[in-house]
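What follows is a pair of forms of the same protein chain, given separately as structure tokens and numbered structure 1 and structure 2.
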Structure 1
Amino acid sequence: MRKALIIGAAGFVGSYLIRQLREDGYQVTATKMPHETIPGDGFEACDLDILDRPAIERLLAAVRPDSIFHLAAQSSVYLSWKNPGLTIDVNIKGSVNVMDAVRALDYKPRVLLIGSSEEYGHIAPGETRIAETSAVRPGNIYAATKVCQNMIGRIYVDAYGMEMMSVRAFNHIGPNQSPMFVVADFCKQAAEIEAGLREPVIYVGNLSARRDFTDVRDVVRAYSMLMEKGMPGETYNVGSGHAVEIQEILDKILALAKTEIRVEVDPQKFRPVDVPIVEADTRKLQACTGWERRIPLEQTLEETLDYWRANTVRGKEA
């Protein structure tokens, strides 16, 4: 049986990727930090700090994975401004530690480095849809570290012949996502209003921005397919290929709500700089793997709202 190692599996994407890889026939090992937990079963969990290169080397020697998915990152844009040193350490030094540990092996596993659409940064008018060849203009520390990871990964492929690909993931959404992200935020507020835990008002930021939303289950399926078919040294956009206005997202959630809800603007929810539209060109991904989006936006929104309904009820009973 093929072996997969997920580095940094305690976040939103990790448990979904574990399930996808098990369905695809992998034996899965997933890492986390000591204070973290990974929900689910059917996999081996172990602690790993990617700033500890000898620990990475010991884990790789013990597991000898065929495929490595590098999810571990400091992924908060907000925290990247507050603590740029930590973001640089984890996202650049940690990634290089992983690459060097893989390079030292006596065989060549395939590696997928997970990046972000934030790397494209300040998108000029007329540049959408955004292709992998578009200019990267990172506008925050987190984005800059992901650009650096991507560039170093390409250098390692060219210099050492490593079997390594990169992705730039656009907005992915679904049940169990943190409410620091807009869809989860709206759904959590709606569920709390339905449960009588707050006034019947949803607070919002910029509703005119258009973003490329994809269900996380479709995203991890793309990751698995790229691990099988991706070309070393290449970067692939992962997204729906269709931008949706935040206002439309809100309207769909309000239509699903079981009570009347007012909408009020909260200036604190606005970003200092907000790109009007972000939309992925996914033709390269589709040509390489045959991947297509399967889960419609309406289904994702309904299931995310149901997730927050269930968790809000449990929280109320506690």
Structure 2
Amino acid sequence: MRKALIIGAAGFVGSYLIRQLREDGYQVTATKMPHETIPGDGFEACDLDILDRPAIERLLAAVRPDSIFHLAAQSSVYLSWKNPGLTIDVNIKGSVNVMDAVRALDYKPRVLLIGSSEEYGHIAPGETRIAETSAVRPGNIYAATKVCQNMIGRIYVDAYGMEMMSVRAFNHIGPNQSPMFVVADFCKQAAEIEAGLREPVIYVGNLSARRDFTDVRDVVRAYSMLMEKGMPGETYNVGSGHAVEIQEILDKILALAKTEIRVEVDPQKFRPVDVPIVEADTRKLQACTGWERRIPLEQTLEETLDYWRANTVRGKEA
């Protein structure tokens, strides 16, 4: 049986990727930080801090994976403004630790590095939809660290012949995402209002931004397909190909809500820089893998709101 190692599996994407890889016939080992847990079963969990390079080497020697999915990151753009040093440590130094530990092996596993659409940064109107060949002009610390990861990955492939691909993931959403991110944030607030836990006001940030949202289950399917078919040294956009205004996301969630909700703009929720539109050109991914989005935005919003309704009620009863 093929062996997959997921590094950084206790976050939002990890559990979905574990499920996908098990369906695709992998034996899965999944790493987490010592303070974290990974829900579910059918995989082996182990602790790993990617800032500890000898620990990565020990783990690789013990597991000897065929495929490595590197998800571990400080993944919040917002937090990267608050804590640039940590973001740089984890996303650059940690990723280089992973690459170096893989390079030291006596065989060449395939590796997928997860980057971000944020790497493109300031996208001019004429550049939409944005292709992998476009210039990267990162506009925040998080984005800059992911550009670095991508560039170093490419350098390592050229220099050492590693079997490593990169993705630039556009916004992915679904149940169980941290409420640091916009869809989970709005759904959580709406669910709390419905449950009578707070006043009927939803606080929002910049509603004019337009982002390319894909259900996380479609995203991890793309990761698994790229692991099979991606070309080393190449970068692939993973997104829906359609940008939606945050205002429209809010309107859809308000329409699903069971109570009247007022909207208030909270200046604290604005970022120092927010790219106006991010929309993926997904032709390279489609040509390589045949991937297509399966889950419509409306379904994801409904399921995310239901998740927060269930969670909020559980919280209230506890």
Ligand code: A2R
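All figures in this text were calculated on a predicted structure; none of them were measured in a lab. FYI, numbering is relative to structure 1, first residue = 1. Rigid core (definition): largest C-alpha set, two forms, superposition within 1.5 Å.
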Looking at both copies of this chain, which one is the form predicted together with the ligand? 2
For F181, decide whether the Cα shift between structure 1 and structure 2 is 2 Å or greater, given a superposition on the rigid core. no
Does Y160 show a Cα shift reaching 2 Å between structure 1 and structure 2 after rigid-core superposition? no
Students should find the CA displacement of N83 between structure 1 and structure 2, rigid core aligned, in Å, to be 2.5
